[in-house]
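Only one chain is given next, in structure tokens, and it is the form predicted alone.
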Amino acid sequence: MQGDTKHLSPYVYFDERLCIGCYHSVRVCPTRAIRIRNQKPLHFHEHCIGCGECIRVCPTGAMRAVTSELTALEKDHISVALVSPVLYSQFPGIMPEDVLNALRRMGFQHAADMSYFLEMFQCAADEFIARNRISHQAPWPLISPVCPVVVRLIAFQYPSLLPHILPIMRPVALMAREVIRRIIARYGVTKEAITLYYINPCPTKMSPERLTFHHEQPCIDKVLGINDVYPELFGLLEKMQKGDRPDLPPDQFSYGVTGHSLIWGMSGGEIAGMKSERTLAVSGLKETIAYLEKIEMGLFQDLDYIEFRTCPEGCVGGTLTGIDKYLSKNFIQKAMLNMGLKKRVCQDEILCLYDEGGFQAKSSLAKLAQRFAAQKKPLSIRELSEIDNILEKIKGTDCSACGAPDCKTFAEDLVRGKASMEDCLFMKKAQ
């Protein structure tokens, strides 16, 4: 980036030229990673989990997601678009196959649909749940690993819940592994000659430290937001609707999209195809935090599995989508009636792969927890007492005028030497 644009974290860019010094992003950040100092944001990038809430509420567009550049597409040897089913919901009335062909017209040599791998993941999750009832390998309820923001939020704020996360490779990792295997077999190339582009609805670009729950291999090379490709895709699809259809050979990665995969874009779509009836779907950042706190208190142990999505209404509410989330949801609901919810995976094949270890990801629970813990120096009893004394003096209303999201955070900043008592308007007035 150039000019006054800063790379604040692995997930967020900040443009100083557009910032007006408002407090919108300060108030919504779940890890309290943003402050306002001298009318400019101060970002504790090591606390950022990539939820995108600051991008969602920024009124000027000063905050935006870190994604890859499309200009590099022509330089890639074999470029493959890994397509989240949310992309199809952005084009109501358009068949998913046309969306995949439009991506190939954009320059991707292959466009891989995730549908089949979503079904694989569900089948593997069902098997782990069934075996966990006997082995008690993991505590109840199990928590979905699909949303990376939820995983990072747990590692940052609720590390005691990390053992609850289902230790199964996410669908995108399963897809990346299979796509690479098939391309190497077909073209006779090495992994270095392949570039995987993951097209998704939220700012989940990985940092160099690969801050994920699992060390999933292979990893994604580049990440594109749906809004990065939406304008060009929309134009190409319009042309195709008018009869300008390219004569493209069938793509070997087109497994065929079903209503079962489309429903994954909405909250509840992940658990809809699971066998267990003791499941729950929670969407929205505030709701996710509220339910994680309840699990930490020991509630919901009678449930098998909880699907969390920090975006409202599920992935269709992601900050990098192209159209309104309710329009997307309406399209998915109607498409489900026409396409049905049939599964295509062979359960015997999935169970065989499961027994061979084909779904188990290498857990990095300790490393992930330690990474965030290293950025949050624990407070001593004396410092905690000092925070209580400061709060007693302030008796504030969480106005955020000091630049912190609330009075408690301001008091902690004060104790840590990151703020001055002069920053508090209440204390200024009292003096």
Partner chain sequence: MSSLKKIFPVNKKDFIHAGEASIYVKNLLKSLQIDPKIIRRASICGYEGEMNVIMHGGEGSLFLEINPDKVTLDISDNGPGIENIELAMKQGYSTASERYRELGFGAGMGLPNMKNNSDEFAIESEKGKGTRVQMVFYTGGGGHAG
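On a predicted model such as this, the values are computed, not experimentally measured, just so you know. Positions refer to the first chain, counted from 1.
The following text describes the form predicted together with its partner chain, which does not appear among the structures shown.
K.L.:
Exactly one stretch in 23-31, 55-63, 383-391, 39-47 has heavy atoms within 4.5 Å of its partner chain in the predicted bound form; which is it?
P.N.:
Of the options, only 383-391 has residues within 4.5 Å of the partner.
K.L.:
Can you check whether Q157 is within 4.5 Å of its partner chain in the predicted bound form, heavy atom basis?
P.N.:
Output for Q157 is yes: heavy atoms within 4.5 Å of its partner chain.
K.L.:
Give a yes/no on whether M106 approaches its partner chain to within 4.5 Å in the predicted bound form, heavy atoms considered.
P.N.:
Residue-level check for M106: no, no contact with its partner chain.
K.L.:
How about Q301: is it within 4.5 Å of its partner chain in the predicted bound form, going by heavy atoms?
P.N.:
Taking the distances in the predicted bound form, the answer for Q301 is yes, it comes within 4.5 Å of its partner chain.
K.L.:
Is it the case that I295, even though its partner is missing from this view, gets within 4.5 Å of its partner chain in the predicted bound form, heavy atoms only?
P.N.:
Flag for I295 set to yes.
K.L.:
Even though the chain is shown alone, can you say which residues of 113-140 have a heavy atom within 4.5 Å of its partner chain in the predicted bound form?
P.N.:
If the 4.5 Å heavy-atom criterion is applied to its partner chain in the predicted bound form, 113-140 yields nothing.
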